[in-house]
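So this first bit is one chain, no partners, the form predicted on its own, shown in structure tokens.
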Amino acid sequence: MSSSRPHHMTDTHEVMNQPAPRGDLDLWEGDPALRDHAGAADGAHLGQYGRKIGRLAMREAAMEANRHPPEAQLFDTGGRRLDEVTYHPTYHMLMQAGLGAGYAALPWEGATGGHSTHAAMVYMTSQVEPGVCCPMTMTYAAVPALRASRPLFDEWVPKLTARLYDPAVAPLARKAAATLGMALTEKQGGSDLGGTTTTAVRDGDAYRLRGHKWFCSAPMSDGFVTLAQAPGGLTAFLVPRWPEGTRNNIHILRLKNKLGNRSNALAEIEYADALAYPLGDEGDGIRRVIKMIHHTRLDTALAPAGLMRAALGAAHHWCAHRSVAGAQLIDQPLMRSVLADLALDWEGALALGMAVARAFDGSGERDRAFARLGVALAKFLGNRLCPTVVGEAMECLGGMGYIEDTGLPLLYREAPLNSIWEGSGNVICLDILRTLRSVPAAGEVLSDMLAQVTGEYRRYDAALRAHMGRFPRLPEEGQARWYASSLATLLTASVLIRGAPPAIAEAYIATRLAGERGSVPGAIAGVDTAAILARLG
């Protein structure tokens, strides 16, 4: 990139009233809300990562990776099977930046706040290039699933947590680091994993898998966690991509043509008697893969907060440097109301996501119980809000918000994704009900968290009583979304009461719980917009 400043005079006019490019950003120091809600996360590490991932060069690399999506290389020129996927060099650069900084490793290294530090990295990375989060998140989340097999754990986990990125097509033993993907969904089943038809036949200490997977995430990973029907029932397996001396019989049929997440590949595959190793006993497959899904859900709860932050950062910058009718946009009351209203959704999602990450860092029964329930609530609410927030932020830029160069269309295409992945909205709401029925400690911890902040804000107390009056017991299935959204909003308010400035908590309670808000973003009054917008840095 040239260091010379562009000409502001064209052949016909002077370019005026156009905000300058934002340049390098510090995604840690420039985000007071993140610092407030980071808890026990490693602030020094996040400061380094926030400066690195926020550089203009990283954002430009992200745009390149999305302009040049991955391509399937199914055969060589002689017709021999390759079943590979090639990526733009900037994709590899971004993968190295994340994995090299410990995105997948930190939570398993034993340091205090490892999951919280990881969660903040997910949040920051999602602001720049969310596509690379998919393979890095699955690599992070695979570690607990591999505990089902000590030999596989000992062989794979050191490479998954190596703080390196090695994209070489080579067996695990000859690689400095590795990544793991996931291939669960089949055509006929969708989220109903019990309907899996892929079969597993024992072959010595291993198995051979035969069948298909409709969605295989990050198909150039070094292995996949998958499900197949063994003689003893549905079983979890690790399928290595590159066994020693050969290629496993994992055949890529095609890459999906996705709405967004364009830098990252998603494939349809077939197992043609592919070599696989069991994770746990036959028939125990769902329980094993849920351990991985539980951790990927943490990331799908933090990613929407990152997308919202990036969109609001772009909108705030535009409004701060753009004038209309003789006044800066950022000083105009209606625009301030819109931005402040959107910012409350963003900070609420961030605060709740980081509170859940702290539970992942805990080791007690109550921590585990709240992590299971809290991650579902955070994933559900944050992802319901994200598309609207990003869309409204685009509109703050007018026509420019619709232009690819701004990065906002990339965020808009990504906005629905994390709600769909790792359990769509209905699946998550039903899981919330199941958790409350089957894990009594989850409801106890939740009740304690909601009750501990009563007495500080009258309208919060009234909203909590109204919720309990409306739902004196768990609702029937048809009301699960109403119940989950009410509960998640109350929980978010309780977290903000604990960790945000009073002006933020007061505004959130007034507009989200007390009903002092219209039906569209920006339809608010009586909140401290200056204090709220200051959270955008």
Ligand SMILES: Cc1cc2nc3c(=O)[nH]c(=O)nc-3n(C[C@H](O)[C@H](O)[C@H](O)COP(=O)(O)OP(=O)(O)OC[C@H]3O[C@@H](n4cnc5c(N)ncnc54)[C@H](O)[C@@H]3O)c2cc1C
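Source: prediction; values computed, not measured. Numbering starts at 1 and runs along the sequence shown.
A second form of this protein, the form predicted together with the ligand, is not displayed here; the remarks below concern that form.
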query: In the predicted bound form, the one of L411, V289, C216, V128 near the ligand [non-hydrogen atom within 4.5 angstroms]; finding: C216
query: Selected contact from L464, M335, A72, V427, since only one has a non-hydrogen atom within 4.5 angstroms of the ligand in the predicted bound form; finding: V427
query: Whether A183, L417 and E422 all lie within 4.5 angstroms of the ligand in the predicted bound form by heavy atom; finding: yes
query: Non-hydrogen atom contact P89 with the ligand in the predicted bound form at 4.5 angstroms; finding: no
query: Heavy atom of K258 within 4.5 Å of the ligand in the predicted bound form; finding: yes
query: The ligand contact at G232 in the predicted bound form, heavy atom, 4.5 Å; finding: no
query: Contact label in the predicted bound form: S191 to the ligand, heavy atom within 4.5 Å; finding: yes
query: Option from 296-304, 393-401, 147-155, 258-266 whose residues, in the predicted bound form, bring a heavy atom within 4.5 Å of the ligand; finding: 258-266
